[in-house]
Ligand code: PHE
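Quick setup: one chain, the form predicted on its own, written in structure tokens, and binding and motion questions come after.
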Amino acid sequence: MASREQFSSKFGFIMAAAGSAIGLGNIWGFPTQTASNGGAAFVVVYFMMAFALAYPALMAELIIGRHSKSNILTALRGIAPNQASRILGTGVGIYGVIIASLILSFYGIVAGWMLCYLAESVTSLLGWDSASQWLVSFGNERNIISMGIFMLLTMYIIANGISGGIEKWSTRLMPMLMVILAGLIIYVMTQPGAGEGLRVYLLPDFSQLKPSLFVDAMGQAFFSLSLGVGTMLVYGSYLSNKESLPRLGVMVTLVDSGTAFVAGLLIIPAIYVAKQYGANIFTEAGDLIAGPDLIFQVLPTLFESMGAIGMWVALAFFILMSIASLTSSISMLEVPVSLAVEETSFSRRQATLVIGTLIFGCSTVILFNFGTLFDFVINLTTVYSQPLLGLMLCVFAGWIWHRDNLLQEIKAGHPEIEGTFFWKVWPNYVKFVCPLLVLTTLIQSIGG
């Protein structure tokens, strides 16, 4: 058996892990959640939850992943001490792979829309009106072609392995994402209405500090770090034993939550700039428009009203969104591909082709039954399954895996860990507090 690939640098891992975490939901979800939940009051609670919930759960995945040097299924079976826990590990691992694949099946559809709007900003600059109209018209032909192109891009990166694919492209795309984000923020801040958006985003409304805000912040922190489906576990499996996992976890959490916050400095002012240009930015219930409607209705109205410069701003914005889509999708495809490569006779390229094609087929089924399946798959995977899987990974790290083995794995890259605050707090925290917090989020999701 060939030696297992690793990330070649700490920077490469941080960019890949942050890229996995910084996706479409992070860029459009966090800012609108903030604006609807008391502005800066939500931001403060979100950062608290990022370190109170997301960081400890992230550490559980990274530690199990690096110890096992394998996919989620093999990893959980490997740390199980008896037959019953091995059966549980097998079930959780298989379910995690299925959910990661289902997330990618709807994510690929939305990412395909991003590519369409990116292409439309180019065709508009060239004056190709009929092509522009086709690109922004919802239809199965357009959706399948754009989703197929996006899946091919994702498959190309995964087929080239860890250092030659995931790490290589993450270290190129993530800095590009940061530069475009910064440039767009600077431009939007010069527009009328941006100040109003900044006030909504940054001035706290402490009257909004109620239980639902804490639950929303908890859910956002959990989902924004791609936790539960094994993406971080698999990325952790490609880490060198020399790396300090607690420090790397802090860096990834900071980069992810920091980028979410910075994205808010673009999205919320841009929404209020669009309002100045005549766009309707509120739903009938009085909330800010969020999700796909924000990206594909409110902001295009803003770009169109800006005249010639708006086409260039639209181009930069949809490049940003396409990069965010791609850095997340590669981590999701790696979950089933790593399992196939390690548990079957498939090569990485064969596994990528077969699994990528199956997920493309699943996306096509969703598209042909869009009204019935699209929201159902999103809710099944992100609202219900991700917290449940996150809960199970905390149970494996806190209850099933022997504490001495856990300590030895962390000490590999951090020999003095036993005397640190992290080791005094984290084992019991991930054993008792994390499952309770995740369970609270899950119950709230089901109830609400």
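Keep in mind it's a predicted model, so treat the numbers as computed, not measured. Numbers follow the displayed sequence, beginning with 1.
One more form of this protein should be noted, the form predicted in complex with ligand PHE, which is absent from this view; the next part is about it.
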{"property": "Contact test, all of Leu24, Phe223 and Val229, partner ligand PHE in the predicted bound form, heavy atom 4.5 Å", "result": "yes"}
{"property": "Listed residue (Ala75, Met321, Ile359, Ile103) with a non-hydrogen atom within 4.5 angstroms of ligand PHE in the predicted bound form", "result": "Ile103"}
{"property": "Single option in Met332, Met147, Leu233, Val273 placed near ligand PHE in the predicted bound form, where near means a heavy atom within 4.5 Å", "result": "Met332"}
{"property": "One stretch from 111 to 119, 292 to 300, 324 to 332, 199 to 207 that, in the predicted bound form, holds residues within 4.5 Å of ligand PHE by heavy atom", "result": "324 to 332"}
{"property": "Distance check, Phe317 to ligand PHE in the predicted bound form, heavy atom within 4.5 Å", "result": "no"}
{"property": "Partner contact for Thr34 in the predicted bound form: ligand PHE, 4.5 angstroms, heavy atom", "result": "no"}
{"property": "Residues in 408 to 427 with any heavy atom within 4.5 Å of ligand PHE in the predicted bound form", "result": "none"}
